[in-house]
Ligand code: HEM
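Next up: just one chain, as structure tokens, the form predicted on its own.
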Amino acid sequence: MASKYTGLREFLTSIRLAVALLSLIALGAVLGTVIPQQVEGETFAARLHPALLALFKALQLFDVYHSTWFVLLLLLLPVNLIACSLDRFPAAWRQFRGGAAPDGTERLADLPPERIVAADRPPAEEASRLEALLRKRCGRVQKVETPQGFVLAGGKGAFSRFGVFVVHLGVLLLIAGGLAGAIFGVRGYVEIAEGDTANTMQFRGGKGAETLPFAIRCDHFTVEYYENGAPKVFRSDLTFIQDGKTVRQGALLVNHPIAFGGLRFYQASYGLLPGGRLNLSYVRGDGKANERDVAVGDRFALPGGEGEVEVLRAENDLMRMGPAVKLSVTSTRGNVQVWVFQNIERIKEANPGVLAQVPLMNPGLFAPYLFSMQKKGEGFYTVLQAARDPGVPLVAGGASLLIVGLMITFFFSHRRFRIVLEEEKGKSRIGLTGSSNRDPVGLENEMNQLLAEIGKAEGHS
């Protein structure tokens, strides 16, 4: 029974187990990043061979972060960390409480000559002076009298022994926060048309909906564009209504969330509402412009029978350059296809020479006609991402402890010093030794400083 317990203990406290778990968790994170997850993975799954698809589903690779094996890894890692901490804490506590007290076996004969100095006073007098000197540097000092003289022991930075345990606690809180967010957290979307009010949150992955205990009204939606027509800034002016009363108002922008009702709202996306009119204008040379409202599939003849125009496609934000419509012009000269952008002037200013490089974007490609377009009567809807994550405080606390623990571990060390005094013809010979759990260079420098202070006393040689 004892051997089984010992084997289990060695397994749970093994560094190899920790490395293996961290490696597998990292591999799972890579798979969860590379492989599309949940709803986004449906299109990817359709392209897989049936045998490979069956393997992916068996391994739950389309929902890695909620898979049984990934959660088990996350649960086994804390077990490993707790077992390691419990196994090593008693020794660290003993070191913190003072470490091994001097037992009187330390001898000057065991020290190198460069660590030994001589003093004119007897060991009893020197011991009192050196005890005060060491206490000033280390705080608590232990003194043992030996047949040859005295041994003084002191240490500093003993708290650094706990740095690794602070790191372990930080990792445990990070894992607990992640699991709390995955199990009890809520993520969804709220779509609101400009001027309308909504109180329903759709869960991600098509997992149903939740009626919120408050309503959100989008008072106004604003979008600004770069010179090339790409969206620059979009914001939603929101009003939160509870029990028929306005409770809060605020502007929601990308990277500037609003917290309300236990949820945190982010500006995720936006779109154009259906029902807007697509207005196409065309002019021949310096003549009078003609306008007409069109839709995809419409056909109309150009004046004088010079050709027939067909509307092939209409896009709200083609290549992030704004609304555009694709036309096909058929005439005795053949067929010409052209994209007509609403923001063509801004596109040309931002990209000089673009029409020569991409003739398909030239609204005058079918000379002598020049086409232009604009959307009229259009409205926007805003998409808000809503999140409730009870694990956030745990993650924040864990991250803070992790940073503090790493700083303690790497920037501090537990240094211990021992001063050995032996009598020789009524005088004293003093030796210094030291040890540290890390940073041997720093220990060497501090020992040199301490030895110099020991040798400064009057009467030393």
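Start at 1 with the first residue shown and count on from there. As the structure is a prediction and not an experimental result, all values here were calculated from the model. Take the two forms, superpose them, and find the largest set of C-alpha atoms that agree within 1.5 Å; that set is the rigid core.
Unshown form predicted together with the named molecule; subsequent notes refer to it.
Trainee: Pick the stretch from 160-168, 278-286, 265-273, 196-204 whose residues have a heavy atom within 4.5 Å of the named molecule in the predicted complex.
Mentor: In the other structure, the partner sits against 160-168.
Trainee: Should residue 88 be counted as a contact of the named molecule in the predicted complex, where contact means heavy atoms within 4.5 Å?
Mentor: Close contact exists here: in the predicted complex, residue 88 approaches the named molecule to within 4.5 Å, heavy atoms only.
Trainee: Does any part of residue 409 reach within 4.5 Å of the named molecule in the predicted complex? Heavy atoms only, please.
Mentor: So residue 409 counts as contacting the named molecule.
Trainee: Can residue 343 be called a contact residue for the named molecule in the predicted complex at 4.5 Å between heavy atoms?
Mentor: Answer no; every heavy atom of residue 343 is more than 4.5 Å from the named molecule in the predicted complex.
Trainee: Would you classify residue 22 as touching the named molecule in the predicted complex, given a 4.5 Å non-hydrogen atom cut-off?
Mentor: Yes - in the predicted complex, heavy atoms of residue 22 and the named molecule come within 4.5 Å of each other.
Trainee: Heavy atom within 4.5 Å of the named molecule in the predicted complex: which of 84, 251, 215, 92 fits that? Just give me the one.
Mentor: Flagged contact: 84.
Trainee: With the partner left out here, which residues of 69-83 have a non-hydrogen atom within 4.5 Å of the named molecule in the predicted complex?
Mentor: 77, 80, 81, in sequence order.
Trainee: Superpose on the rigid core, then tell me if the C-alpha of residue 403 is displaced by 2 angstroms or more between this form and the one not shown.
Mentor: After core superposition, the displacement of the residue 403 C-alpha between this form and the one not shown stays below 2 Å, so no.
Trainee: With both forms fit on the core, is the shift of the CA atom of residue 445 between this form and the one not shown 2 Å or larger?
Mentor: Moves: no, less than 2 Å.
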